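We begin with a single chain expressed as structure tokens, specifically the form predicted on its own.
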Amino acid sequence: MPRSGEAVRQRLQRAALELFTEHGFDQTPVEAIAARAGVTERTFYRHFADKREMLFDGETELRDLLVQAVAAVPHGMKPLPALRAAFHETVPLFERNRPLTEPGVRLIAETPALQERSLAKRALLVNALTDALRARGVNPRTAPLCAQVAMDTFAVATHRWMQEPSVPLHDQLDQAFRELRLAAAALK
């Protein structure tokens, strides 16, 4: 079997998800994942720093896509609509990765070490969005608030999409931002 490339990464991820589901995350050693995928441990470590990173493999791609999408929205667009537009640009990425994401979400919910990693990764995304908003001239105090609120709103939309796959993620995203707007309007 080939030992490099995207096909190996995908085999490793599928093998890991199968084993995590069968035995639990903490009870699954890297050597078992590698064996199930038909590669050596050394090959595993060429692709992933550790088994936790397998579940967060697309974070760099997501962060880069979001930052580029924020930069690309028309100048003068307010921060939250700009972020909503940026999140819409990520929908194809989420749709493509759904077969790996769905079981990963369940594992994260069940595993404290993965919850911790998930929160750290989310904080990195919020920081990147904050920087992207500041680069657009958004007030330095407002940018982190908007980035955090938008990230949480996106998390609500993706959670709903996982629970209701018949409703497209674009629609879930628009609905979550509508609800945010209504909730914020009540503060007046």
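For clarity, every value in this text was computed on a predicted model and none was experimentally measured. One-based numbering along the sequence shown. In this text, rigid core is short for the largest set of C-alphas that superpose within 1.5 Å between two forms.
Just so you know, the form predicted together with the DNA exists too; it's not on screen, but the next bit is about it.
Using a 4.5 angstroms limit between non-hydrogen atoms, Gln68 is distant from the DNA in the predicted bound form.
Residue contact check for Asp131: none of its heavy atoms lie within 4.5 Å of the DNA in the predicted bound form. Residue contact check for Arg63: none of its heavy atoms lie within 4.5 Å of the DNA in the predicted bound form. At the 4.5 Å threshold, heavy atoms of Thr158 stay clear of the DNA in the predicted bound form, well away from it. This chain lacks the partner; the member of Val30, Met151, Met162, Val138 within 4.5 angstroms of the DNA in the predicted bound form by a non-hydrogen atom is Val30.
Look at 34-42, 123-131, 141-149, 55-63: in the predicted bound form, residues with non-hydrogen atoms within 4.5 angstroms of the DNA sit in 34-42. Counting a residue when any of its non-hydrogen atoms is within 4.5 Å of the DNA in the predicted bound form, there are no hits in 118-145. Residue displacement note: Arg134 has its CA displaced by under 2 Å between the shown form and the other one (rigid core superposed). After superposition on the rigid core, the Cα atom of Met162 is displaced by less than 2 Å between the shown form and the other one.
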